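Presented as structure tokens, the chain that follows is alone, the form predicted alone.
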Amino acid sequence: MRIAVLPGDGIGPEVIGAAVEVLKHVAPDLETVHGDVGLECFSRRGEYLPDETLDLIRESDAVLFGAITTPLKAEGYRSPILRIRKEFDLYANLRPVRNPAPGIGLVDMDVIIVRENTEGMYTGEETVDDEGVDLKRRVSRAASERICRFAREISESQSRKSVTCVHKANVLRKSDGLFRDVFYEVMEESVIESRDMIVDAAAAALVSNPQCMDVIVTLNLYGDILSDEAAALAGGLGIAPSANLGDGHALFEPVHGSAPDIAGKGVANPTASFLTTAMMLEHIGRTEEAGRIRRAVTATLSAGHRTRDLGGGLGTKEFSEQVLSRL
């Protein structure tokens, strides 16, 4: 199997470099091929996402992605990650959020957030006039059906108890109302408990009663915000993995961004990249190796070996060495 490795910008090369080292330790038979993407790529080649990188993705079984820095002068700029999602129809953004070890995080949490990845307010279709900006928002029956079906299948495969549809249909009656209605149609075929919740109430519940949340399925913008909120409650973005999944391709990325303020200082937390690598391995059928990585990360954190964002003093390299020693 071939894994396309796209480190990107900022701390991306640091944390993805550590993740590749862990990957080679648990699955040395996997081929890893590096590709160019992002602002640093643009500075060298004049393009943010070269055609050869797209070809590499097409020819690979999965993609391990780092982070992208958005240019300050973004006129004409198109986000590489959004382009990849569109190009390969990666319609499902999967964000499992759980505390990586006892004592980490503000609340106890074990939630899976399934976010529709191609529509909503992220169409990018903005029209400017003298008075302001109009944004085209898209919610289709087809996209709603497949993301709700994806959430149902994830819930059933993991023996989850409930799926909550998060929306704002009390205001956006037609668009969010369509999404909510399709959700209940899809869930009629399942024994999993189904319910819906207004997005602001869901945001409050993640803080005050996260145990009531099991699997959340929601639209693009809501999922983007709620998943970062949940990750912050569970320990921070430094521990948050994610996957962008379609029917033919899959891209896996830590969600913390490029963090240019700490890039090159050796202090970035690679936990999210390790857990992202575990998600990728699980996706390609290597569940044993995925489990080894997760156990090693939990054991390392439980022993008190932590990076600065988690209250410790270890750098990227030192923390990685602790995880590798347990592997």
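Don't overthink the numbering: it's just position in the shown sequence, from 1. Computed from a predicted model, the values in this text were never measured in an experiment.
The following text describes the form predicted together with a small molecule, which does not appear among the structures shown.
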Original post:
Do V255 and the small molecule come within 4.5 Å of each other in the model of the complex, heavy atoms counted?
Top reply: yes
**OP:** Consider I81 of the chain shown here, and say whether it contacts the small molecule in the model of the complex, taking contact as heavy atoms within 4.5 Å.
**Re:** yes
Subject >> 4.5 Å heavy atom contact, R85 and the small molecule in the model of the complex >> reply: yes
Original post:
Going by a heavy atom distance of 4.5 Å, is H167 a contact of the small molecule in the model of the complex?
Top reply: no
**OP:** Report yes if all three of R152, R160 and Y184 come within 4.5 Å of the small molecule in the model of the complex by some heavy atom, otherwise no.
**Re:** no
Original post:
Looking at E119, D196, D224, D214, which has any heavy atom no more than 4.5 Å from the small molecule in the model of the complex?
Top reply: D224
Original post:
Taking the partner as it appears in the model of the complex, which of 144-152, 176-184, 247-255, 130-138 has residues with heavy atoms within 4.5 Å of the small molecule?
Top reply: 247-255
